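The chain below stands alone, shown as structure tokens; this is the form predicted on its own.
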Amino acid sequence: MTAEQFIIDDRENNLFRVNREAFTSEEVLQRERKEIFDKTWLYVGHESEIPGKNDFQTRDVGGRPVIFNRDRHGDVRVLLNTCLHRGSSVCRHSSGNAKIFTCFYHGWAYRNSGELVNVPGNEDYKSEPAAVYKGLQSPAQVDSYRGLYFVNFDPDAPDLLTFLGEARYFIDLAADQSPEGVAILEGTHKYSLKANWKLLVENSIDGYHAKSVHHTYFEMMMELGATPPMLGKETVNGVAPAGMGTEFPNGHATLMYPANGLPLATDSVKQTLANLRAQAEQTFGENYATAMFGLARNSVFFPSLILIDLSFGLTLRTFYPVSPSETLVTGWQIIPKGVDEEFVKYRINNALTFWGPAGLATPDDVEALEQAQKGFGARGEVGWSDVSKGMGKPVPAANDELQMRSWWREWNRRITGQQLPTEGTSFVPFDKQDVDA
């Protein structure tokens, strides 16, 4: 395929189209594995998930099994979960606390800092395996930002802070919601859908589908007397009621709009949020606190880390392809540290009933995406998808599609080498913090 076959970026007519072959081709998936998942910063976990020495979580990141852990000295590590002997996992548990990881196949054992420390039948080797193989391997680069750990399997890739760029301020808006920081709630949502992973990228930053796919949620809010998002009247930090989309370098993008209501929150939960906002105002100023608590945001950090803050919950999601038509999703809820039990229960309830695989929103999204994937069976006759909404507007709204086009241009650059210009300037709706200080 030539570069032009994947993307049509027609600035004269404000048309942006994506070749549906990108959603169905095994060849495209293999190129994505090589050019994206082997070379891009990928989220692996949050430091709060491994608070103590010897704590660990196992994950699949970009097609690799990894152990995300603290060693016996408290240092955070990411180890590839594959025995140097014959490849089996050295840790088969999803989480726990262990000083030693042992391969169940032949019993090779490794310290949680990676060193190979025991080989059954070691005396039968002329060259001792520990001297030859040293220990478990790690990704070429491991780094963190505000407690979020990322890996990159490319030793030559730009550093994490450079990769995140200005988009990292949207991580700050989550990380600063409590003076004590934030933590991941125990418990993980894991599910799969029969659709290409890029459809979920689009869906996660797609304000256009909200009223049609999630109309039940909107009706529920109206019945409870709450104003649905995007239907209010107030402009917040320069963000109009209709919201806006903005793009950043490297394929990161955000849509934001004045915050959702809190229809099911108790007075205690509302007071806790008010206290957090007051503390943020005192520390960072009113402008930053208003952006933090007065705006809702859906952000994508290329390629597939999603951070969604809808006032009634803050969720983190990442996903990876199994095949061109199947995607595995993992989701977590983030909570400000120091909040009371009632607030935690409120957030857990929203995590289950709204974002969960059996919740109010996710099943509708999954149905829509699986229908789209099924529709791509007619790509011989209908070969292109349209992502043009709002193209050419000086300030695209939240329900326009600038954020998707931004992501697709970065995808296209990595897959084809074709560099396409951005549509406008990035916008951060608050006074920037000097995060390098």
Partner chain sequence: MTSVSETPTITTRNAVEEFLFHEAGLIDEWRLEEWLDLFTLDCTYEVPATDRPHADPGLTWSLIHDGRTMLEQRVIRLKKPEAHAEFPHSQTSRIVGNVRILAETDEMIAVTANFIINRAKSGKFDTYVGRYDYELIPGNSSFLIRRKRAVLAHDMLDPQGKISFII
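Numbering follows the first chain given and starts at 1. Predicted model only: the values in this text are computed from it and were never measured.
Another form exists, predicted in complex with its partner chain; not displayed. Remarks below refer to it.
Across the proposed site, Glu35, Thr58 and Tyr145 without exception lack any heavy atom within 4.5 Å of its partner chain in the predicted complex. Using a 4.5 angstroms threshold between heavy atoms, Lys194 counts as touching its partner chain in the predicted complex. In the predicted complex, Arg86 stays away from its partner chain, with no heavy atom inside 4.5 Å. At the 4.5 Å threshold, heavy atoms of Ala351 reach its partner chain in the predicted complex. By the criterion of a heavy atom within 4.5 Å, Asp364 is counted among the residues contacting its partner chain in the predicted complex. Figure note: of the listed segments 69-77, 209-217, 253-261, 300-308, the one touching its partner chain in the predicted complex, with heavy atoms no more than 4.5 Å away, is 209-217.
This chain lacks the partner; the member of Thr246, Gln177, Asn112, Gln333 within 4.5 angstroms of its partner chain in the predicted complex by a non-hydrogen atom is Gln333. Among Ala157, Val117, Ala278, Leu328, the residue placing a heavy atom within 4.5 Å of its partner chain in the predicted complex is Leu328. Contacts with its partner chain in the predicted complex, taken as any heavy atom within 4.5 Å, map within 178-194 to Leu185, Glu186, Gly187, Thr188, His189, Lys190, Tyr191, Ser192, Lys194.
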